[in-house]
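Given as structure tokens, the chain that follows is alone and in the form predicted alone.
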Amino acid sequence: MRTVKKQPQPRRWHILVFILPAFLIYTVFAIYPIVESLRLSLYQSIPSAQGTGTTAEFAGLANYMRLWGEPYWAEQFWNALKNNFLLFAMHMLIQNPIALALAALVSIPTLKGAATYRTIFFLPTLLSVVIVGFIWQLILSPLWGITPDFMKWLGIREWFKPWLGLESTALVTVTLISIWQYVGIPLMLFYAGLLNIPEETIEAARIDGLNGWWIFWKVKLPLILPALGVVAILTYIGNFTASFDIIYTLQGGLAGPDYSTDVMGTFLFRTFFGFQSQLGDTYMGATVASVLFFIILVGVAIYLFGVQRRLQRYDF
């Protein structure tokens, strides 16, 4: 018998042409800043021998020891970290259940105007954070906002408080504003997961005697567990990276009142660039950024190796 030689597969060099631009952009704007922050966190600024300025000196982990050991830095760091985890918990317990309920609602086939509802729920996500912050400052203002008059019309004027100006309520108020703006993102992810459930599965559940609520609880919810996991990790990452915008817009760089809304993003901003009487420190700022990177990395690793592997995937 004649043996037919297998022709070698041609090298698809053209693939590199399409990958290279994205790889270069990601390297320059993502990987390089991370590596440079890690490098700068190992240096300290010391006065030069000539007394004309400062020079960088390798300090190892001294900046990390200052961040966690010196009262000035440690108090701000632990307060910002605590607030970040509180933000994450509130988004997980409030935003994501609301998004899941709304997604289940708009995915009902017999619901009239479902497309309109989806648009309304997602529309705040498209607004600028600056606009959202300015609008809500006007709405909640005790001097010229509409909230006091509206609550007076409802007969509950005595319940009104300057929620953005009180330490006990500022973080919760900022979180609720953030939830109002971004609830559309997990809603659409949940909605996409619900749409991927085959109609045959729903019909089989109805034949077995399940009604609407039990169909969602027993059939639909288990089938969108991967979407729930994705939303959870995106919520975690977003609370450590994107929470700076809304807090800076509403409460300023000092994250008032009295740092009650301070998070790692605002703490990093003040440390690196300086704010008002606080001078910026490039090396301590890089240290805060590096710690923030490792916090996010640990959370993502826990999700990938501890959660995602446990999620069951169903193939039809």
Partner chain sequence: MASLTRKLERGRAGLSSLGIHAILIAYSVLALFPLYLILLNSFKSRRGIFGDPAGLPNESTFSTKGYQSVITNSDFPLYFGNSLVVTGVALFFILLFGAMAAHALSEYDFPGSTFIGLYLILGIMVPIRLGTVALLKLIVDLNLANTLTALILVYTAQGLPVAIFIFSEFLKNVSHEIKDSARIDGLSEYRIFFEVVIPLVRPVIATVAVFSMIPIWNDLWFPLILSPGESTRTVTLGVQKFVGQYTVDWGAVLAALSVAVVPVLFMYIIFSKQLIRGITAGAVKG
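Residue numbers count along the first chain shown, from 1. Take the two forms, superpose them, and find the largest set of C-alpha atoms that agree within 1.5 Å; that set is the rigid core. Not measured: the values here are computed from a predicted model.
FYI, the form predicted in complex with the partner chain isn't displayed, but the following is about it.
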Between the partner chain and Y64, A89 and L164, in the model of the complex, does every residue show a non-hydrogen atom at 4.5 Å or closer?
no
Ok, A74, V219, V172, L138: which has a heavy atom sitting within 4.5 Å of the partner chain in the model of the complex?
L138
Contact assignment for the partner chain in the model of the complex, among M188, M151, A232, L81, heavy atom within 4.5 Å
M188
F269: heavy atom within 4.5 Å of the partner chain in the model of the complex?
yes
Is I296 a contact residue for the partner chain in the model of the complex, using a 4.5 Å heavy atom cut-off?
yes
Proximity of P124 to the partner chain in the model of the complex, heavy atoms at 4.5 Å
yes
Using the partner position in the model of the complex, report whether E158 sits within 4.5 Å of the partner chain, counting heavy atoms only.
no
For the stretch 12-46, which residues lie within 4.5 Å of the partner chain in the model of the complex by non-hydrogen atom distance?
R12, W13, H14, I15, V17, F18, I19, P21, A22, F23, I25, Y26, T27, V28, F29, A30, I31, Y32, P33, I34, E36, S37, L40
Does F18 count as moved between this form and the one not shown, where moved means a C-alpha shift of 2 angstroms or more after fitting the rigid core?
yes
